[in-house]
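As a starting point, one isolated chain is supplied in structure tokens, in the form predicted on its own.
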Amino acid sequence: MTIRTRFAPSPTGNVHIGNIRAAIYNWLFSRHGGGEFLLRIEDTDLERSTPAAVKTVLDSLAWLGLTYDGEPLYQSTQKARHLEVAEMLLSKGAAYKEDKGGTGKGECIIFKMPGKDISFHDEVKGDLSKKAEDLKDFVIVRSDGSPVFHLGNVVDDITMGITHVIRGDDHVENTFKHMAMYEAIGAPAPKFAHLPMIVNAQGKPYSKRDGAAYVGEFQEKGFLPEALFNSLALLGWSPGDDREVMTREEMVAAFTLDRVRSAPSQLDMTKLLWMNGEHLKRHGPDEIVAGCRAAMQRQGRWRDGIDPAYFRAVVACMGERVRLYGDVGEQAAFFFDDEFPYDEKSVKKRLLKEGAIGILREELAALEAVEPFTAAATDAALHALGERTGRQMGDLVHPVRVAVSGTGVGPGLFDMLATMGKERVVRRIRRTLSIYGG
């Protein structure tokens, strides 16, 4: 048997990470088993399923590298087949017509539950069952002649030859209905695997209120597709060892449904940022520089006057502090603008404390004499100043950092000074003294 899984999104807007996580699991499972991963666009909501919405789905899959086999099946093209199956169910007595609610708007087609307990084995949750009295008949064709989700979903999975349905556990209740429909239609049911929910720190479903929740948002923030893929794959699954940073090939080789947890998984943005930084380390310097520049352009922070060699040096100086391409523009904008703003808390703590301005004047004189202006030489100059004056290095490092960057945090001071160069450093310290020197 050839494994055939599918991703069946309703293109009604942005793609939520919970939905794309289901796509990732379907893709990993099919690729692990040498099978096929298919795409079905459930576009029957014609008002919301616009070409732009469909493009958003396709772009998200392409960005994450979720390649699918064959052409997508558009559910809207299958209406005739859906209604044909509904008529067949009517003819078998497995469905009936009724003016639902007595509205006079026409008759619906209602699927007749078989009146027996229904059980199935879930590949994640184990054996599940439901009593007959808890299984009610349900509409499969509306009074306007449009098929309902349940009918389209089951018929399309049969048409596509789907062997494994891997979807969110919000569909568990639907699966009892679908099992009855497979039996009534006379088609073998696929195996089902219901995935745990992605939750926030409070254990509630993760949503836009908790931060970035859609694939496009993570892309805009500068996350690498392989990092988001890796992180989402680990939200509910593990390879069975201590590995966390993994390639797609490694995940394909290790992925099995029996290692998918049934408990909800919490999205940890701190962990995701760490994961992105780990994957970023695997990129070459040229790629990282290009990514950081593109991010600054998107942020509106790039200027044509920035020297490429200087920009490369800044990216190298930031080092592992760059976990997202956008971090250079957000955390290191001071490198590119002599008129940088000063952080008030840093100024109060580091420049306005007693004696700090006097120290900064001495540091200016010491740094003006440094030649060549390297990290090691600037480090030696301030250490020598500390030895002559009896001051601790902490008293020397912090004022000059704020003076040249406006903030009390950043990359290593001496690497930062060497990257900026003597002329820029001296100019900035003089500017700071003119503002805060009294």
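Given the structure is predicted, the values throughout are model-derived calculations rather than measurements. Note that residue numbering begins at 1 and tracks the sequence as displayed.
Below: the form predicted in complex with the RNA, not depicted.
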R81, R293, K125, R248 - the one with a heavy atom within 4.5 Å of the RNA in the predicted complex:
K125
May I ask you to choose, among G93, P188, G240, G161, the residue with a heavy atom within 4.5 Å of the RNA in the predicted complex?
G240
Check all three, H121, F218 and E226, heavy atom within 4.5 Å of the RNA in the predicted complex
no
Quick one: find which of 352-360, 210-218, 240-248, 304-312 has residues within 4.5 Å of the RNA in the predicted complex by heavy atom distance.
240-248
Even though the RNA is not shown here, does M88 get within 4.5 Å of it in the predicted complex, heavy atoms only?
no
Give a yes or no for A184: in the predicted complex, does one of its heavy atoms lie within 4.5 Å of a heavy atom belonging to the RNA?
no
Would P72 sit within 4.5 Å of the RNA in the predicted complex, counting heavy atoms only?
no
With a cut-off of 4.5 Å between heavy atoms, is D286 one of the residues that contacts the RNA in the predicted complex?
no
For a quick check, can you give me the residues of 252-274 that have a heavy atom within 4.5 Å of the RNA in the predicted complex?
R259, R261, S262, A263, P264, S265, Q266, D268, T270, K271, W274
